[in-house]
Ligand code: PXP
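Let's start with one chain on its own, the form predicted on its own, as structure tokens.
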């Protein structure tokens, strides 16, 4: 069991989803980010989609300006999004696959198959001092592609692990563990995210090579019942417990 503290990145996309359902300014994802900082979050994640279905451009501007936490800017590998990232200079840019017809991100980026498309965009972001990560499947081919592209960080897709049950879940967890260990040998910083909840986070948080978990939708939903800060602090406690940290 690793005793190194794992970082919690809080995704505020779906605070914006609730706001946009009715229009106006409430609930404010930037306020949610500021409260997340008070509750012990280590960073904020926000995905600016092409169709602006939740986070909008003004949110990104305010998150960079008003919230005292590093911003992980999730983005598709398009010239529009690269230009926005270069304008705002977030701490990190996580390149994700994006299809307009999907409800949420459905799988990892094919970094290996899209090398020629990704390479110049990764290079532009890195030249601007933005830390690039790639949201990929826990697959050796994709890890090798991240190294070839010069991305220092990968975020491994945990959605399949969260959806499966029984032996199939155990097998997927082992796949994540193996990929995380490979990150260590390749010199990649390993993050994980997608679909994590109180019921499944501890096994992932216990993987010693994992430096950060990014969690959003579950926390927003849980906040309806127990409050925003408490939803985050309970997740933090579970992550610390998985690492054997006092108070976890």
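Residue numbers count along the first chain shown, from 1. Since the structure is predicted, the reported quantities are computational estimates derived from the model, not experimental observations.
The same protein also exists as the form predicted together with pyridoxine-5'-phosphate (PXP); that form is not shown, yet it is the one meant from here on.
J.: Can you say which of 193-201, 30-38, 178-186, 61-69 gets within 4.5 Å of pyridoxine-5'-phosphate (PXP) in the predicted bound form, counting heavy atoms only?
T.: Among the listed stretches, the partner-contacting one is 193-201.
J.: Using 4.5 Å between non-hydrogen atoms, is residue 53 touching pyridoxine-5'-phosphate (PXP) in the predicted bound form?
T.: Result no; residue 53 lies far from pyridoxine-5'-phosphate (PXP) in the predicted bound form.
J.: Residue 94 versus pyridoxine-5'-phosphate (PXP), in the predicted bound form: is there a non-hydrogen atom within 4.5 Å?
T.: Yes, residue 94 is a contact residue.
J.: State yes or no: in the predicted bound form, is some non-hydrogen atom of residue 161 no more than 4.5 angstroms from a non-hydrogen atom of pyridoxine-5'-phosphate (PXP)?
T.: So residue 161 does not count as contacting pyridoxine-5'-phosphate (PXP).
J.: Hey, in the predicted bound form, is residue 216 touching pyridoxine-5'-phosphate (PXP), heavy atoms inside 4.5 Å?
T.: Close contact exists here: in the predicted bound form, residue 216 approaches pyridoxine-5'-phosphate (PXP) to within 4.5 Å, heavy atoms only.
J.: Within 129-168, which residues come within 4.5 Å of pyridoxine-5'-phosphate (PXP) in the predicted bound form, counting heavy atoms only?
T.: Heavy-atom contacts within 4.5 Å come from 135, 155.
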